[in-house]
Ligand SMILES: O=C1O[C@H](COP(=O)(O)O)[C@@H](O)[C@H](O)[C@H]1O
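Below sits a lone chain in structure tokens, taken as the form predicted on its own.
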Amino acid sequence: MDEPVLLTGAGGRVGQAILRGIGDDYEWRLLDREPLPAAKVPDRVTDADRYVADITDERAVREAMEGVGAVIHLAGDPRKTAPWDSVLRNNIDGTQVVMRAAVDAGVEKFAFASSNHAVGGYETDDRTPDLYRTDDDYRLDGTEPPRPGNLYGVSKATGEALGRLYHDEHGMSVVCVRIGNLTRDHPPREYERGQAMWLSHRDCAHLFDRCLRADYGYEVVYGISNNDRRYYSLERAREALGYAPADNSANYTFEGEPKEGAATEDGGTDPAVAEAPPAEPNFPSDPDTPTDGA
């Protein structure tokens, strides 16, 4: 892609996973409501391509949008307990501002960070905890209607509907990624649900790279790694985007430790001899806090 990619919410967990993985592969515009420290910005991104703005600020969003070819929209209130006034302003109104500006700017591709919480209501008492285990074959595949488990999930389902509107009415390619539980270096520890929907950092970066490179119309896909425990199907992400996840929570113990001989996110196979992950001088060394609120 020759045109820049606008990344909103660039300083958050998902944004940083993307930039760590493919930060050198694209020309970026980074937008966040707080100034980004140098440690969170790839070397090639100039000060002119760093925007400090709220996504409800239409003028600022349109300025950042000018001339971009694609958008990865992550910004919003990520709390699964967020109150209605916050999800309305930050996640619904803000997404509307960003999508409308993208359409008016002629953006070709728009990747929207939806969430597992848009379908959390399918995790009923009679399905769980078996749903999170390898011998259960129940799958959500993206064709099911949203069934939010909280107001945050309602806001993400609304974003998916906005994407459908702007694809149908204006032809913008839109992919909605229902992100699972993103953690770095290991799946969530001692948490069945989190291990079933784990998304490793390298798989996250690869998935959004495919969102930028693939050809599609309107898609809803699940953003998880290739976990044996999964209850989200990866078939549509594979078919529509060419997603090929490398990681699997089954390669770790329930306590989150790599199993001997298993391929893991840091590139090692045997934890006794695996090399440490490559240094990342442009980013903080502290591990990210696990979350299922993407």
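Residue numbers here begin at 1 and follow the sequence given. Just so we're clear, the structure is a prediction, and the values are computed from it rather than from any experiment.
There is another form of this protein, the form predicted together with this ligand, and it is not shown here; the text below is about that form.
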| query | finding |
| --- | --- |
| Touches this ligand in the predicted bound form: residue 20 (any heavy atom, 4.5 Å) | no |
| Residue 187 within 4.5 Å of this ligand in the predicted bound form, heavy atoms | no |
| Contact test in the predicted bound form: residue 80 vs this ligand, heavy atoms, 4.5 Å | yes |
| Contact test in the predicted bound form: residue 180 vs this ligand, heavy atoms, 4.5 Å | yes |
| In the predicted bound form, segment of 187-195, 100-108, 209-217, 139-147 with a heavy atom within 4.5 Å of this ligand | 187-195 |
| All of 13, 117 and 152 with a heavy atom within 4.5 Å of this ligand in the predicted bound form | yes |
